[in-house]
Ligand SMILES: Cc1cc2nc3c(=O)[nH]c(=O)nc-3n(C[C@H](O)[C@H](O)[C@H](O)COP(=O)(O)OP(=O)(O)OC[C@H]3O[C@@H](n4cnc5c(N)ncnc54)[C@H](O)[C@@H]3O)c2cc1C
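Just one chain is shown here, as C-alpha cells, and it is the form predicted alone.
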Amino acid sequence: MPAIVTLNAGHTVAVAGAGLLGRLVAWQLLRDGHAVSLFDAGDLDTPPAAAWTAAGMVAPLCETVVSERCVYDMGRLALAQWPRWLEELEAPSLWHRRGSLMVAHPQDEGELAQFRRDLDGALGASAHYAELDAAGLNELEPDLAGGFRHGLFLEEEAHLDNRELLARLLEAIRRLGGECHGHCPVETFPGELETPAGRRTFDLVIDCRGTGARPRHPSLRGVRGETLHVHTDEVHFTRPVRLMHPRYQLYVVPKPGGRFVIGATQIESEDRSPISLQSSLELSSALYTLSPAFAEARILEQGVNLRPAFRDNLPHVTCHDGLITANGLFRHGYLLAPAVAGHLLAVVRGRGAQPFADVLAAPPPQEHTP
C-alpha cells in the first residue's frame, strides 16, 4: 500500500459520496478538526444511496452461511461499535438489539434445519441461538401467524432506524461546519475533485461513491435489490423476522410508526427500473403468510437500488498519496460500515495495524492501481 500523509487538524478533506460510509467518515473527520466537504450526485436529504433503501439490519449470524467468515467477524465489531456512535450522535434510541427470528412454513422446515446445520458448521460453539417451538414463537412475536411450528431466535442480532440515522449524520455534519454539496456529481483524483464548476484541490480525497465510482473501479458491479415499504397498525413485530423458502429468504424489519420494510431479492442485474410484478407478488404474498393482518397494510413505497460489489463480494479500501477509496459493501452496508470506516479512519489518523486490515487493504479482484 503506498504511503499516505497523516492529516493534522485543519487539513482539507473532500468526501465523495454521501451514503452511509461517506457520512460516517465525514462526521468523524469533522470531529477530528478537519475542514470537510461532502459531495453527492443526488439529493442529500433523500439520498439515492443503497443505505436509504436498505432495512438497516446488523445480522452477522444470518449472513454467516452465505458469506466469508470475515463478514461475521466484522459484524461482531458492528454490534459493539454502533451503540457507541449512536451515543455520540445523541441518538441511542435508533439502535434496537432485540435479536432476529427465523421461521419456515411446515413444508419448508428443511430449509430452516439446513440453515441451522450450516451455522453450526461455520461457527461451532460461537453460533448462539435458541430453537423455539410454536409456543416460544408466540411468546416472542404474538402477531406472527399461528402455523409456524419451529423457529430460530438469534438473540445477539440487531437493527437500527437507518433513514433517521442518515438524517442525524447529515445534521451533525452541517452543525460541525461541514460543507455539503448535493446534486453535484464529481470525479476523484489524488488531491483533487472534478466538479461541474471545475477542479478543486484538497489535502485528501476520500471516494465512497458506491456504484458511482465505476470509472475508478472497473470490476465494480451493481447488484439489484427490491423492497416494499408498508404501513399497518394491525401488526406489531419487535424484531426482524426472516422467512426461509427454497427460492428466497424474505425479511421483514419493523420501523417506527407502524412501518415495515420487506425485502428478499438479490438479482445480478444493474437494471434500476421499478420493481417487477413477480417480485411485488412474491414479497406481498410471503408477507401475508407471516401474518394475515398484513392484508390491509398500505404500500407506501417500492424501492429499487444497486448494491456495490466486487467479484469477491467483500469491501476494499485502497490508499494512494492524496486519495483513499472505500467500496464494495455489497448488501452488508450497516453490518460492515463500522469496520470499513474504522480502517479508513485509522489510516488517516496514522494509527497502526487495525483489525481486518488484511481483508480491507487487499486489492479488489482484477483491479489495477492507477
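One-based numbering along the sequence shown. Quick caveat: nothing in here was measured; it's all calculated off a predicted structure.
Same protein, other form: the form predicted together with this ligand, not shown, and the subject of what follows.
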Partner-facing stretch of 28-36, 315-323, 341-349, 53-61, counted where any non-hydrogen atom is within 4.5 angstroms of this ligand in the model of the complex: 53-61
Are Gly75, Ala127 and Phe356 jointly within 4.5 Å of this ligand in the model of the complex, each by at least one heavy atom? no
Any of the heavy atoms of Ala41 lying within 4.5 Å of this ligand in the model of the complex? yes
Using a 4.5 angstroms cut-off on non-hydrogen atoms, would Leu154 count as touching this ligand in the model of the complex? no
Quick one: does Ala14 come within 4.5 Å of this ligand in the model of the complex, counting heavy atoms only? no
Is Ala264 a contact residue for this ligand in the model of the complex, using a 4.5 Å heavy atom cut-off? yes
